[in-house]
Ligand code: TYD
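Before any questions on how it binds or moves, here is one chain, the form predicted on its own, in structure tokens.
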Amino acid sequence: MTYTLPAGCALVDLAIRGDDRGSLIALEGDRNLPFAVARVYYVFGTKAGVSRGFHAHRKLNQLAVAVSGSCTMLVDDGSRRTALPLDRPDQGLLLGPMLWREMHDFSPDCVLLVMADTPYDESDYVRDYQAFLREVRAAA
């Protein structure tokens, strides 16, 4: 399926390497990722009916990959809002700055791996949707 994504994000196909023993995907900063990786984290064990995210980042770039299971990623640039499944370990969602993101519909086995270009910085977060919209409009 083809999705019309908000500005600042893109689906990225990741090259699968492998043989009869199994598969491997290598993620290398500044090679097949468009940034050097400064932080890696993963979300797992999300309870049924729980949604996560509900924030934007002012400067951060990320790549999110459902390495196991699936979830629905909602992305919003202040003008366009799109929900798409993350359900393939060989496809990631590149998320640039000033994109509102929410994660919904986690499968029981979902492991969502996220790579970021900077370490954690609370001041980079916008955690209120109306404040996010004000910042997006002020920047336009």
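This structure is a prediction, so every number in the text was calculated from the model and none was measured. Counting begins at 1, following the sequence as shown.
Below: the form predicted together with thymidine-5'-diphosphate (TYD), not depicted.
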*asked:* For the three residues 41, 53 and 125, which mark the spot I'm curious about, does each lie within 4.5 Å of thymidine-5'-diphosphate (TYD) in the model of the complex through at least one heavy atom?
replied: yes
*Is there a non-hydrogen atom of residue 129 within 4.5 angstroms of a non-hydrogen atom of thymidine-5'-diphosphate (TYD) in the model of the complex?*
no
*At the 4.5 Å heavy atom threshold, is residue 103 in contact with thymidine-5'-diphosphate (TYD) in the model of the complex?*
yes
*Which one of these stretches, 73 to 81, 24 to 32, 88 to 96, 45 to 53, sits within 4.5 Å of thymidine-5'-diphosphate (TYD) in the model of the complex when only heavy atoms are counted?*
45 to 53
